[in-house]
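Shown next as structure tokens: one chain only, the form predicted alone.
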């Protein structure tokens, strides 16, 4: 893993001619798929100072703040925020809507090969200080983990996230761990990879798949999960539970300074957030067919170890 600084779209030296835009975009996608982090020293999309000021003041307001304030673009809904004044809620909704649209427009230019195929997921605002938060083990952000969504299975699609630190003075401090192939090789079996893969291949597993489209009628959250999603959820929890991994595993401390933006596939780059408050984030799901190198994806790496398909 390395942090690759992108300065005003002048990617590798000499790639400033517009005719190289497609080549630059493919290069950026490839760097992300290799487990690197694309880093911008400043906010690379339009976000007015008035919006930034509004978000920065929320930590001092009388609002009731959850762990994350989420914005769901497809539904145009805001979750996790309550305020006495209706105008404050409406203003935050407007700010998050604008933020999400600007990030997606920016990423559609930066990562052109992905944009026709991606699935737009949630945006979030994280106003609370991460250090010292009292959370259940599996919800702690300060422990190294790879991302998996319990309620939003990807079925092999990759989790791409764009973060921005809008804090004026404080960096957002991360730990970044070893690359995914190493994590999968050392921990996926103990996390339950083979058991989950074998269970999915049994007649009972096939029957569950056949009836999965109907399971929403009984509101089962696992209705659309593939074996891959089960493995990734278990790996997420297992890494947080594993004291030896947390103590002895590879850890690179990375401070993302005020005003910076970074993009990373968080399903394959183990990470932990040690400290910081006031961060924004937009998630996109990239289907396996849209990748430059599908063979490098967590899905394909886990399938190599399991010896069978995990996407069905």
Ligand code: SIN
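Everything numeric here is computed off the predicted structure, so don't read it as measured data. Positions refer to the first chain, counted from 1.
Keep in mind the form predicted together with ligand SIN is missing from the figure; the text below concerns it.
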* To do: Using a 4.5 Å heavy atom cut-off, state whether residue 141 contacts ligand SIN in the predicted complex.
  => yes
* Would residue 225 sit within 4.5 Å of ligand SIN in the predicted complex, counting heavy atoms only? -> no
* Is residue 158 close enough to touch ligand SIN in the predicted complex, meaning at least one heavy atom pair within 4.5 Å? -> no
* To do: Examine residue 174 and determine whether its closest non-hydrogen atom to ligand SIN in the predicted complex is within 4.5 angstroms.
  => yes
* Structure fact -> The one option of 180, 71, 118, 163 with any heavy atom within 4.5 Å of ligand SIN in the predicted complex is 163
* Structure fact -> Testing 226 to 234, 108 to 116, 141 to 149, 89 to 97 against ligand SIN in the predicted complex with a 4.5 Å heavy atom criterion leaves exactly one stretch, namely 141 to 149
